[in-house]
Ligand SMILES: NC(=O)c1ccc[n+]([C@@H]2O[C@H](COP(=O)([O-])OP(=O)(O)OC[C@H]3O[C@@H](n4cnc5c(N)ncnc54)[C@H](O)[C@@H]3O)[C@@H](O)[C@H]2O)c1
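One chain follows as structure tokens, the form predicted alone.
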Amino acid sequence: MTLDKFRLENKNVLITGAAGLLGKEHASAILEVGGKVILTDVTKKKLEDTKKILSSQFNPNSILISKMDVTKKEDILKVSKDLSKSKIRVDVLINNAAINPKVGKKLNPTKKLRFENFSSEDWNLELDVGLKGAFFCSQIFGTKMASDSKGGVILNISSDLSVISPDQRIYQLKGISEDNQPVKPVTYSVIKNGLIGLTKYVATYWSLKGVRCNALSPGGVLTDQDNEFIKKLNRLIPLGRMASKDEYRSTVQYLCSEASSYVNGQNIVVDGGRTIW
């Protein structure tokens, strides 16, 4: 294998939820290896800010932005139609959009996220973004990939919680009653597990059309979490630390390029070893 197989020149990569923390990193990963990115998210201002940040490091001409709500099929169809009019083919789709509720001391402990009290409204909203949105985008852009001889790649961004259950102990706060303790909500596990099912389905559905589909399941990324939370989580990870935000870039490059040409339907877990304990 040569390093040339990691290159993505002349490839257009559409990223959903691109204005978020990992969305920016996925975009940087693609731009680093010569690809062009189409950044999509629900807020145009955040997309413009993201493009400005990326343009300070990469060629601005390789960065397009498009406001798109993944929960609305008509939004996705419009973006697809606009790209086609501009003769831009989506060669790679990264389904990254998600709602990830934060827990910890910086937020008021609440009963809202606990399993006993979790509302159907929150269930529907989070599944609409994280799972139905990935389905819609895969359906629309994947169909186009499969319609000619060029094929393509779909990469679903899942989580280490696609293969293990949340350890709710790491979210617990001192001095809080049990029924008020913050938790990772049920929707997060359901969505991330569901993305693996979607990955396997799509990987076999269009396999003979040249469309590969895989999942990346990252572990926790170190940002501004509470120190006590970080200590608890680090004890669950064989490497003894959370990931830096840029440590998933090379895996994204691998899975989106010809370097992984014989990888299909797989869930690549990059978690510092947490899921082996």
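Everything quoted here is computed from the prediction, not taken from an experiment. Don't overthink the numbering: it's just position in the shown sequence, from 1.
Separately, the form predicted together with the ligand exists; it is not shown, and the next lines address it.
Although the partner is absent here, Asp69 is a contact residue: one of its heavy atoms lies within 4.5 angstroms of the ligand in the predicted bound form. Within this chain, Arg249 is remote from the site of the ligand in the predicted bound form, having no heavy atom within 4.5 Å. Contact between Ala19 and the ligand in the predicted bound form is found at the 4.5 Å heavy atom cutoff. By the criterion of a heavy atom within 4.5 Å, Leu64 is excluded from the residues contacting the ligand in the predicted bound form. Shown here without its partner, the chain carries Val42, Asn96 and Ser159, all of which come within 4.5 Å of the ligand in the predicted bound form through at least one heavy atom.
Note that among 219-227, 204-212, 31-39, 56-64, the stretch whose heavy atoms approach the ligand to within 4.5 Å in the predicted bound form is 219-227. This chain is drawn without the ligand; in the predicted bound form, the residue among Tyr188, Tyr171, Phe135, Phe118 with a heavy atom within 4.5 Å of it is Tyr188.
A heavy atom within 4.5 Å of the ligand in the predicted bound form is found for exactly one of Val79, Ala146, Leu113, Val129: Val129.
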